[in-house]
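In C-alpha coordinates, one chain follows: the form predicted alone.
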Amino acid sequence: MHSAVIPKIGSAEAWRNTARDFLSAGVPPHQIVWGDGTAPNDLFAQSMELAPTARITVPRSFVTMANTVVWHSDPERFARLYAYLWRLKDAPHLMSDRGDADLSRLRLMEKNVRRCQHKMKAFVRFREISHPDAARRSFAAWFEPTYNTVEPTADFFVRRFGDMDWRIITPDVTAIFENRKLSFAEGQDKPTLPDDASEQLWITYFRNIFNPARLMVKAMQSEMPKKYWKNMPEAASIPQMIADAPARARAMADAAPSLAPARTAKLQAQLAAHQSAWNGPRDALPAAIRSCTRCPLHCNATQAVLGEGPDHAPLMIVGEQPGDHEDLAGRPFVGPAGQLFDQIAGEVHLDRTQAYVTNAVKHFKFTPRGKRRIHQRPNRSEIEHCRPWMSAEIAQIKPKLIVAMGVTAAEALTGSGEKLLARRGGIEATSDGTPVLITLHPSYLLRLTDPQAKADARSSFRQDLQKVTEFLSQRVVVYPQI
(Lines give C-alpha, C1' and ligand atoms only; values in the text may rest on other atoms or scores of the structure.)
Protein backbone atom coordinates (compact mmCIF):
# COMPACT_ATOMS: atom_id res chain seq x y z
CA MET A 1 0.00 0.00 0.00
CA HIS A 2 1.40 3.38 -1.06
CA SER A 3 1.02 6.62 0.88
CA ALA A 4 0.88 10.06 -0.73
CA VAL A 5 0.53 13.21 1.37
CA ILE A 6 -0.04 16.42 -0.61
CA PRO A 7 1.01 19.65 1.16
CA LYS A 8 -1.33 22.64 1.56
CA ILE A 9 1.05 24.95 -0.28
CA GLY A 10 1.87 23.94 -3.84
CA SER A 11 -0.88 21.30 -3.89
CA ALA A 12 -1.47 21.43 -7.66
CA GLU A 13 2.14 20.82 -8.65
CA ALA A 14 2.69 18.23 -5.91
CA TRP A 15 -0.39 16.24 -6.92
CA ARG A 16 0.51 16.33 -10.63
CA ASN A 17 4.03 15.05 -9.98
CA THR A 18 2.87 12.32 -7.59
CA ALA A 19 -0.01 11.19 -9.82
CA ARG A 20 2.28 11.09 -12.87
CA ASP A 21 4.77 8.87 -11.03
CA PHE A 22 2.06 6.49 -9.81
CA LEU A 23 0.45 6.29 -13.24
CA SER A 24 3.76 5.73 -15.00
CA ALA A 25 4.61 2.95 -12.54
CA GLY A 26 1.22 1.31 -13.10
CA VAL A 27 0.00 1.67 -9.50
CA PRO A 28 -3.81 1.19 -9.41
CA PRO A 29 -6.01 3.54 -7.32
CA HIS A 30 -6.90 0.97 -4.64
CA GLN A 31 -3.23 0.63 -3.69
CA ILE A 32 -2.80 4.34 -2.81
CA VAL A 33 -3.82 6.17 0.33
CA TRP A 34 -4.00 9.89 -0.35
CA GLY A 35 -3.83 12.56 2.34
CA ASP A 36 -3.57 16.33 2.73
CA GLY A 37 -1.94 16.45 6.13
CA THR A 38 -5.20 17.14 7.98
CA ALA A 39 -5.93 13.47 8.87
CA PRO A 40 -3.75 10.85 10.64
CA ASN A 41 -1.72 8.55 8.41
CA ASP A 42 -3.05 5.11 7.56
CA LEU A 43 -1.24 2.42 9.65
CA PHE A 44 -0.77 0.16 6.62
CA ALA A 45 0.31 2.84 4.15
CA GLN A 46 3.92 3.77 3.61
CA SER A 47 6.06 5.71 1.17
CA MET A 48 7.65 3.38 -1.36
CA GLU A 49 10.11 3.85 -4.18
CA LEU A 50 8.45 3.86 -7.61
CA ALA A 51 9.90 2.67 -10.87
CA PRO A 52 8.19 4.58 -13.71
CA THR A 53 8.13 2.47 -16.86
CA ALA A 54 6.12 4.41 -19.43
CA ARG A 55 5.38 7.95 -20.54
CA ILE A 56 1.69 8.74 -20.05
CA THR A 57 -0.32 11.42 -21.90
CA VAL A 58 -3.74 12.60 -20.83
CA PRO A 59 -6.20 15.14 -22.33
CA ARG A 60 -5.34 18.76 -21.64
CA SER A 61 -8.91 19.32 -20.41
CA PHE A 62 -8.26 16.90 -17.55
CA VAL A 63 -5.12 18.76 -16.51
CA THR A 64 -7.05 22.04 -16.47
CA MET A 65 -9.83 20.50 -14.38
CA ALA A 66 -7.39 18.82 -11.96
CA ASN A 67 -5.51 22.11 -11.40
CA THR A 68 -8.76 23.50 -10.00
CA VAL A 69 -10.20 20.48 -8.18
CA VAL A 70 -7.03 20.00 -6.06
CA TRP A 71 -7.98 23.21 -4.19
CA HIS A 72 -11.30 21.75 -3.03
CA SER A 73 -11.66 20.92 0.67
CA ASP A 74 -12.99 17.38 0.12
CA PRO A 75 -10.40 15.02 1.70
CA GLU A 76 -11.14 12.53 -1.11
CA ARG A 77 -10.34 14.99 -3.92
CA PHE A 78 -6.87 13.57 -4.67
CA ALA A 79 -8.15 9.99 -4.68
CA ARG A 80 -11.11 10.90 -6.92
CA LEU A 81 -8.84 12.66 -9.40
CA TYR A 82 -6.39 9.75 -9.56
CA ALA A 83 -9.17 7.16 -9.91
CA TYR A 84 -10.58 9.05 -12.87
CA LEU A 85 -7.10 9.55 -14.32
CA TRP A 86 -6.56 5.77 -14.10
CA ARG A 87 -9.69 5.20 -16.18
CA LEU A 88 -8.77 8.02 -18.57
CA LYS A 89 -5.40 6.59 -19.62
CA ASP A 90 -7.15 3.81 -21.54
CA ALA A 91 -10.26 5.80 -22.57
CA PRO A 92 -9.47 9.48 -23.26
CA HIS A 93 -12.97 10.00 -24.68
CA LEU A 94 -14.36 9.89 -21.12
CA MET A 95 -13.60 13.61 -20.74
CA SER A 96 -16.49 14.32 -23.10
CA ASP A 97 -18.92 11.83 -21.53
CA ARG A 98 -21.44 14.02 -19.73
CA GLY A 99 -23.21 10.99 -18.34
CA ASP A 100 -20.16 9.73 -16.42
CA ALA A 101 -20.90 9.97 -12.68
CA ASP A 102 -17.24 10.40 -11.67
CA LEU A 103 -16.70 13.21 -14.16
CA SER A 104 -19.91 14.93 -13.04
CA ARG A 105 -18.70 14.89 -9.44
CA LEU A 106 -15.32 16.36 -10.41
CA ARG A 107 -16.95 19.03 -12.57
CA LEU A 108 -19.14 20.04 -9.64
CA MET A 109 -16.08 20.31 -7.39
CA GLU A 110 -14.36 22.40 -10.08
CA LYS A 111 -17.38 24.71 -10.26
CA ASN A 112 -17.43 25.12 -6.47
CA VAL A 113 -13.76 26.11 -6.39
CA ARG A 114 -14.17 28.64 -9.19
CA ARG A 115 -17.19 30.14 -7.44
CA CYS A 116 -15.16 30.44 -4.24
CA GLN A 117 -12.39 32.20 -6.20
CA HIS A 118 -14.95 34.65 -7.54
CA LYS A 119 -16.19 35.37 -4.00
CA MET A 120 -12.66 35.92 -2.81
CA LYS A 121 -12.01 38.49 -5.55
CA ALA A 122 -15.23 40.29 -4.61
CA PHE A 123 -15.19 40.15 -0.80
CA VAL A 124 -11.58 40.57 0.34
CA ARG A 125 -11.34 43.91 2.22
CA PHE A 126 -7.87 45.37 2.83
CA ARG A 127 -6.88 47.70 5.65
CA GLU A 128 -3.71 49.74 5.68
CA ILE A 129 -1.06 48.63 8.18
CA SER A 130 1.98 50.54 6.90
CA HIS A 131 3.85 53.23 8.79
CA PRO A 132 3.33 56.77 7.41
CA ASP A 133 7.06 57.03 6.61
CA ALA A 134 7.32 53.67 4.82
CA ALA A 135 8.58 53.63 1.22
CA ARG A 136 5.74 51.34 0.11
CA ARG A 137 2.23 51.25 1.47
CA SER A 138 1.25 47.97 3.08
CA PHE A 139 -2.18 46.42 3.53
CA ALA A 140 -3.63 43.31 5.15
CA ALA A 141 -6.94 41.45 4.88
CA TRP A 142 -8.59 38.61 6.75
CA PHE A 143 -10.64 36.17 4.71
CA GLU A 144 -12.32 32.83 5.38
CA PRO A 145 -12.73 30.96 2.07
CA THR A 146 -14.88 27.88 1.75
CA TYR A 147 -12.15 26.06 -0.17
CA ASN A 148 -8.35 26.35 -0.46
CA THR A 149 -8.50 29.19 -2.99
CA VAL A 150 -5.84 31.58 -1.64
CA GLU A 151 -2.96 30.21 -3.68
CA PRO A 152 -4.72 29.87 -7.09
CA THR A 153 -6.32 33.32 -6.70
CA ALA A 154 -3.27 35.23 -5.49
CA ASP A 155 -2.11 36.12 -9.02
CA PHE A 156 -5.28 38.18 -9.47
CA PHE A 157 -4.32 40.37 -6.50
CA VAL A 158 -0.73 40.62 -7.74
CA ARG A 159 -2.00 42.05 -11.03
CA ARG A 160 -4.49 44.35 -9.33
CA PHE A 161 -2.33 45.60 -6.46
CA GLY A 162 1.22 45.27 -7.75
CA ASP A 163 2.18 48.77 -6.57
CA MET A 164 1.85 48.00 -2.85
CA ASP A 165 2.71 45.34 -0.28
CA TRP A 166 -0.12 43.23 1.03
CA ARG A 167 -1.03 39.99 2.70
CA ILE A 168 -4.25 37.96 2.71
CA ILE A 169 -4.52 35.96 5.91
CA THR A 170 -6.76 32.88 6.16
CA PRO A 171 -7.00 30.04 8.69
CA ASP A 172 -5.08 27.67 6.36
CA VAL A 173 -2.73 29.65 4.10
CA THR A 174 -1.43 33.22 4.04
CA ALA A 175 -0.49 34.95 0.80
CA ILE A 176 2.29 37.54 1.19
CA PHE A 177 3.30 40.06 -1.47
CA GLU A 178 6.31 42.14 -0.47
CA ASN A 179 8.81 43.98 -2.65
CA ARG A 180 7.01 42.67 -5.73
CA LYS A 181 7.52 39.02 -4.73
CA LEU A 182 4.71 36.60 -3.90
CA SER A 183 5.10 33.89 -1.28
CA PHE A 184 2.88 31.68 0.86
CA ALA A 185 2.99 30.74 4.53
CA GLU A 186 0.93 28.75 7.00
CA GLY A 187 -2.42 30.18 8.03
CA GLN A 188 -3.04 31.90 11.35
CA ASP A 189 -5.79 33.14 13.60
CA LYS A 190 -7.68 36.31 12.78
CA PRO A 191 -5.40 39.28 13.51
CA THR A 192 -6.44 42.62 14.94
CA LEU A 193 -6.41 45.06 12.05
CA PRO A 194 -6.51 48.86 12.45
CA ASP A 195 -9.46 50.98 11.38
CA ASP A 196 -9.36 52.36 7.85
CA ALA A 197 -10.35 55.98 7.26
CA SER A 198 -11.53 55.23 3.72
CA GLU A 199 -14.02 52.59 4.87
CA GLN A 200 -16.65 55.18 5.75
CA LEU A 201 -16.43 56.64 2.24
CA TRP A 202 -16.89 53.15 0.76
CA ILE A 203 -19.89 52.47 3.03
CA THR A 204 -21.47 55.79 1.98
CA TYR A 205 -21.01 54.88 -1.68
CA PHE A 206 -22.44 51.39 -1.07
CA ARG A 207 -25.56 52.78 0.62
CA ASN A 208 -26.15 55.31 -2.17
CA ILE A 209 -26.03 52.81 -5.04
CA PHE A 210 -28.63 50.60 -3.33
CA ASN A 211 -31.95 50.75 -5.21
CA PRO A 212 -34.83 49.96 -2.82
CA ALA A 213 -37.27 49.57 -5.72
CA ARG A 214 -35.32 46.55 -6.99
CA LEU A 215 -34.79 44.74 -3.71
CA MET A 216 -34.37 40.97 -4.16
CA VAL A 217 -33.06 39.56 -0.89
CA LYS A 218 -32.65 35.95 -2.04
CA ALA A 219 -30.76 36.97 -5.17
CA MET A 220 -28.52 39.26 -3.13
CA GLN A 221 -27.73 36.54 -0.59
CA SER A 222 -27.01 34.13 -3.44
CA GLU A 223 -24.32 36.47 -4.74
CA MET A 224 -23.20 37.68 -1.30
CA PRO A 225 -23.67 34.76 1.14
CA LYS A 226 -24.11 35.71 4.79
CA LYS A 227 -21.01 33.76 5.81
CA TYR A 228 -18.88 36.56 4.31
CA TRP A 229 -20.76 39.46 5.91
CA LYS A 230 -18.86 39.50 9.20
CA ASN A 231 -15.62 40.52 7.45
CA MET A 232 -17.16 43.12 5.12
CA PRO A 233 -17.63 46.61 6.65
CA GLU A 234 -20.50 47.55 4.34
CA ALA A 235 -22.49 44.44 5.33
CA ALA A 236 -23.43 46.04 8.65
CA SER A 237 -25.66 48.44 6.70
CA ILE A 238 -27.55 45.72 4.81
CA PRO A 239 -30.21 44.78 7.44
CA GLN A 240 -31.25 48.42 7.89
CA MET A 241 -31.26 49.02 4.12
CA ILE A 242 -33.56 46.01 3.65
CA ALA A 243 -35.87 47.20 6.44
CA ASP A 244 -36.10 50.73 4.98
CA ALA A 245 -36.55 49.58 1.38
CA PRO A 246 -40.41 49.56 1.23
CA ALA A 247 -40.70 53.09 2.62
CA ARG A 248 -37.94 54.41 0.35
CA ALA A 249 -39.53 52.76 -2.71
CA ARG A 250 -42.88 54.42 -1.91
CA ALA A 251 -41.18 57.78 -1.51
CA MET A 252 -39.48 57.35 -4.88
CA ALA A 253 -42.80 56.50 -6.52
CA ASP A 254 -44.50 59.54 -4.96
CA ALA A 255 -41.73 61.83 -6.17
CA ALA A 256 -41.72 60.45 -9.72
CA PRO A 257 -43.28 62.65 -12.46
CA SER A 258 -46.72 61.59 -13.67
CA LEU A 259 -46.98 60.06 -17.14
CA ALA A 260 -48.91 61.84 -19.87
CA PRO A 261 -51.95 60.04 -21.30
CA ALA A 262 -51.25 57.64 -24.17
CA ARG A 263 -53.17 59.87 -26.62
CA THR A 264 -50.68 62.69 -25.98
CA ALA A 265 -48.02 60.97 -28.08
CA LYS A 266 -50.43 60.71 -31.03
CA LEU A 267 -51.39 64.36 -30.74
CA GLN A 268 -47.76 65.42 -30.62
CA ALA A 269 -46.97 63.28 -33.67
CA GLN A 270 -49.86 64.87 -35.60
CA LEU A 271 -48.72 68.34 -34.60
CA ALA A 272 -45.15 67.60 -35.67
CA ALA A 273 -46.41 66.31 -39.03
CA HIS A 274 -48.00 69.72 -39.77
CA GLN A 275 -45.03 71.79 -38.70
CA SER A 276 -41.56 72.25 -40.06
CA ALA A 277 -38.94 70.97 -37.65
CA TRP A 278 -36.55 73.64 -38.90
CA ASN A 279 -36.84 76.97 -37.12
CA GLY A 280 -33.36 78.32 -37.68
CA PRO A 281 -32.26 81.20 -39.91
CA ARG A 282 -32.63 80.79 -43.66
CA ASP A 283 -28.90 80.77 -44.42
CA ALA A 284 -28.28 78.00 -41.84
CA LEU A 285 -30.54 75.43 -43.53
CA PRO A 286 -27.91 74.09 -46.00
CA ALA A 287 -25.42 73.40 -43.21
CA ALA A 288 -28.12 71.68 -41.15
CA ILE A 289 -29.03 69.38 -44.06
CA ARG A 290 -25.38 68.55 -44.77
CA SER A 291 -24.84 67.50 -41.13
CA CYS A 292 -28.08 65.48 -40.89
CA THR A 293 -27.75 62.08 -39.17
CA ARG A 294 -31.44 61.40 -38.52
CA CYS A 295 -31.41 58.10 -40.43
CA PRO A 296 -28.66 55.62 -41.39
CA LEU A 297 -28.51 56.76 -45.04
CA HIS A 298 -25.87 59.36 -44.20
CA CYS A 299 -23.40 56.59 -43.25
CA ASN A 300 -22.79 55.37 -46.83
CA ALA A 301 -23.72 58.33 -49.01
CA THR A 302 -20.98 60.66 -50.24
CA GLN A 303 -22.86 63.78 -49.17
CA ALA A 304 -26.30 65.27 -48.67
CA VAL A 305 -27.56 66.76 -51.93
CA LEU A 306 -29.23 70.14 -51.40
CA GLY A 307 -31.95 71.70 -53.48
CA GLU A 308 -31.04 74.52 -55.84
CA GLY A 309 -32.85 77.31 -57.65
CA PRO A 310 -34.16 80.87 -57.14
CA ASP A 311 -35.08 81.86 -53.58
CA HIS A 312 -38.73 82.58 -54.46
CA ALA A 313 -39.25 80.35 -57.47
CA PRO A 314 -42.92 79.93 -58.48
CA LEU A 315 -42.29 76.25 -59.21
CA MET A 316 -40.73 73.57 -57.00
CA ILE A 317 -39.78 70.24 -58.56
CA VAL A 318 -39.43 67.36 -56.09
CA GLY A 319 -37.83 64.06 -57.04
CA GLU A 320 -37.23 60.90 -55.05
CA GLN A 321 -33.59 60.97 -53.90
CA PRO A 322 -30.13 61.67 -55.35
CA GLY A 323 -28.79 59.06 -57.76
CA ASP A 324 -25.21 57.95 -58.23
CA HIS A 325 -24.26 61.01 -60.32
CA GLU A 326 -25.99 63.44 -57.98
CA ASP A 327 -24.35 61.86 -54.92
CA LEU A 328 -20.89 62.42 -56.42
CA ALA A 329 -21.57 65.88 -57.86
CA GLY A 330 -23.56 67.22 -54.90
CA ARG A 331 -26.27 68.69 -57.20
CA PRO A 332 -29.82 67.46 -57.92
CA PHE A 333 -30.93 66.05 -61.32
CA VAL A 334 -27.57 66.00 -63.13
CA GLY A 335 -27.67 62.29 -64.04
CA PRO A 336 -29.54 60.53 -66.89
CA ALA A 337 -32.97 61.13 -65.30
CA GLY A 338 -32.23 64.84 -64.89
CA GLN A 339 -31.00 65.11 -68.47
CA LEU A 340 -34.18 63.45 -69.75
CA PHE A 341 -36.28 65.87 -67.66
CA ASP A 342 -34.44 68.85 -69.13
CA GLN A 343 -35.00 67.54 -72.67
CA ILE A 344 -38.77 67.02 -72.27
CA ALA A 345 -39.20 70.25 -70.27
CA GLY A 346 -37.53 72.12 -73.11
CA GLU A 347 -40.11 70.73 -75.54
CA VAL A 348 -42.91 72.49 -73.57
CA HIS A 349 -40.82 75.62 -72.92
CA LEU A 350 -40.48 74.92 -69.17
CA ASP A 351 -37.29 76.61 -67.97
CA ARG A 352 -35.75 74.51 -65.22
CA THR A 353 -33.43 77.35 -64.16
CA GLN A 354 -36.49 79.28 -63.00
CA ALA A 355 -37.61 76.41 -60.72
CA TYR A 356 -36.35 75.20 -57.35
CA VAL A 357 -35.28 71.58 -57.77
CA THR A 358 -34.89 69.25 -54.79
CA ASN A 359 -35.50 65.68 -53.55
CA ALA A 360 -37.78 64.21 -50.89
CA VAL A 361 -34.78 62.32 -49.44
CA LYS A 362 -31.40 64.05 -49.31
CA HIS A 363 -29.00 61.08 -49.21
CA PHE A 364 -28.39 58.40 -51.85
CA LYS A 365 -29.71 54.96 -50.87
CA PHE A 366 -28.05 52.10 -52.72
CA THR A 367 -26.82 48.51 -52.65
CA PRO A 368 -23.20 47.84 -53.71
CA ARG A 369 -22.88 45.34 -56.55
CA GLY A 370 -19.28 44.97 -57.63
CA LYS A 371 -18.08 48.43 -58.61
CA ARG A 372 -21.63 49.68 -59.18
CA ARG A 373 -24.06 51.26 -56.73
CA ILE A 374 -27.60 50.06 -57.40
CA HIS A 375 -30.40 52.50 -56.52
CA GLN A 376 -32.88 51.49 -53.79
CA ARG A 377 -36.20 53.18 -53.07
CA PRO A 378 -36.33 54.97 -49.67
CA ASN A 379 -38.68 53.43 -47.14
CA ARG A 380 -41.35 55.26 -45.14
CA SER A 381 -39.08 55.82 -42.13
CA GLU A 382 -36.39 57.45 -44.27
CA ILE A 383 -38.99 59.66 -45.95
CA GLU A 384 -40.33 60.75 -42.56
CA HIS A 385 -36.83 61.54 -41.27
CA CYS A 386 -36.23 63.82 -44.26
CA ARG A 387 -39.68 65.43 -44.26
CA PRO A 388 -38.64 68.36 -41.99
CA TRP A 389 -35.99 69.45 -44.51
CA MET A 390 -38.44 69.45 -47.42
CA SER A 391 -41.02 71.25 -45.28
CA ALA A 392 -38.43 73.90 -44.46
CA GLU A 393 -37.61 74.32 -48.16
CA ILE A 394 -41.31 74.77 -49.01
CA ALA A 395 -41.71 77.29 -46.19
CA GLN A 396 -38.75 79.31 -47.47
CA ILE A 397 -39.46 79.16 -51.24
CA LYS A 398 -43.28 79.47 -51.01
CA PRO A 399 -43.88 78.04 -54.52
CA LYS A 400 -47.17 78.47 -56.37
CA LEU A 401 -46.99 74.85 -57.56
CA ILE A 402 -45.00 71.75 -56.61
CA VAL A 403 -44.37 68.92 -59.06
CA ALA A 404 -44.11 65.54 -57.31
CA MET A 405 -42.19 63.17 -59.56
CA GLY A 406 -42.56 59.54 -58.53
CA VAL A 407 -43.95 57.55 -55.64
CA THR A 408 -41.57 58.81 -52.99
CA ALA A 409 -42.18 62.48 -53.76
CA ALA A 410 -45.96 61.91 -53.84
CA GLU A 411 -45.85 60.18 -50.44
CA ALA A 412 -43.68 62.89 -48.91
CA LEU A 413 -45.90 65.72 -50.17
CA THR A 414 -49.42 64.27 -49.97
CA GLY A 415 -49.03 61.41 -47.49
CA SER A 416 -49.69 58.69 -50.08
CA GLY A 417 -47.66 57.19 -52.90
CA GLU A 418 -50.25 54.64 -53.97
CA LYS A 419 -51.86 54.30 -57.43
CA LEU A 420 -49.49 56.78 -59.00
CA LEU A 421 -50.40 55.94 -62.62
CA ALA A 422 -54.07 56.60 -61.88
CA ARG A 423 -53.26 59.87 -60.12
CA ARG A 424 -50.67 61.24 -62.55
CA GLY A 425 -51.64 64.49 -64.21
CA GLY A 426 -53.93 65.45 -61.33
CA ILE A 427 -53.38 68.30 -58.96
CA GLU A 428 -53.63 67.63 -55.24
CA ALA A 429 -52.34 69.64 -52.28
CA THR A 430 -49.95 69.51 -49.32
CA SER A 431 -51.22 69.77 -45.75
CA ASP A 432 -50.77 73.56 -45.88
CA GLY A 433 -52.70 73.91 -49.16
CA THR A 434 -49.85 74.24 -51.67
CA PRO A 435 -50.94 72.68 -55.03
CA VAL A 436 -49.08 69.49 -56.01
CA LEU A 437 -49.11 68.05 -59.53
CA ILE A 438 -48.51 64.28 -59.50
CA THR A 439 -46.44 62.82 -62.33
CA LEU A 440 -43.98 60.08 -63.21
CA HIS A 441 -40.30 60.16 -62.38
CA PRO A 442 -38.01 60.40 -65.43
CA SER A 443 -36.08 57.35 -64.23
CA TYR A 444 -39.31 55.33 -64.79
CA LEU A 445 -39.14 56.22 -68.46
CA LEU A 446 -35.51 55.14 -68.63
CA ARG A 447 -36.30 51.73 -67.14
CA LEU A 448 -38.98 50.83 -69.67
CA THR A 449 -37.75 48.40 -72.35
CA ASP A 450 -40.83 48.11 -74.57
CA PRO A 451 -40.61 50.86 -77.26
CA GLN A 452 -44.37 51.50 -77.34
CA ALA A 453 -44.66 51.63 -73.52
CA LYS A 454 -41.71 54.01 -73.40
CA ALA A 455 -43.25 56.26 -76.03
CA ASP A 456 -46.61 56.33 -74.22
CA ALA A 457 -44.97 57.13 -70.88
CA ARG A 458 -42.88 59.89 -72.45
CA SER A 459 -46.00 61.38 -73.99
CA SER A 460 -47.82 61.30 -70.63
CA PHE A 461 -44.88 62.93 -68.89
CA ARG A 462 -44.73 65.63 -71.57
CA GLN A 463 -48.47 66.32 -71.12
CA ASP A 464 -47.96 66.69 -67.34
CA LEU A 465 -45.16 69.21 -67.83
CA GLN A 466 -47.38 71.08 -70.30
CA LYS A 467 -50.01 71.35 -67.54
CA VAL A 468 -47.35 72.84 -65.30
CA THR A 469 -46.64 75.55 -67.87
CA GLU A 470 -50.34 76.29 -68.29
CA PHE A 471 -50.93 76.35 -64.54
CA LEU A 472 -48.17 78.90 -63.94
CA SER A 473 -49.26 81.10 -66.85
CA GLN A 474 -52.93 81.08 -65.86
CA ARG A 475 -52.22 81.18 -62.10
CA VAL A 476 -55.12 78.85 -61.36
CA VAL A 477 -56.14 78.74 -57.68
CA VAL A 478 -56.50 75.17 -56.40
CA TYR A 479 -58.01 74.47 -53.02
CA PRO A 480 -56.82 71.54 -50.91
CA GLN A 481 -58.95 68.41 -51.03
CA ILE A 482 -61.19 67.78 -48.01
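None of these values were measured; they are calculated from a predicted model. Numbers for residues come from their place in the sequence shown, where the first is 1.
Unshown form predicted together with a small molecule; subsequent notes refer to it.
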Might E320 be said to contact the small molecule in the predicted complex, defining contact as any heavy atom within 4.5 Å? yes
When the contact criterion is heavy atoms within 4.5 Å, does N359 count as touching the small molecule in the predicted complex? yes
Would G307 count as a contact of the small molecule in the predicted complex, using a 4.5 angstroms cut-off between non-hydrogen atoms? no
Using heavy atoms and a 4.5 Å limit, would one call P399 a contact residue for the small molecule in the predicted complex? no
Partner absent here, but in the predicted complex, which of 214-222, 327-335, 80-88, 391-399 has residues with a heavy atom within 4.5 Å of the small molecule? 327-335
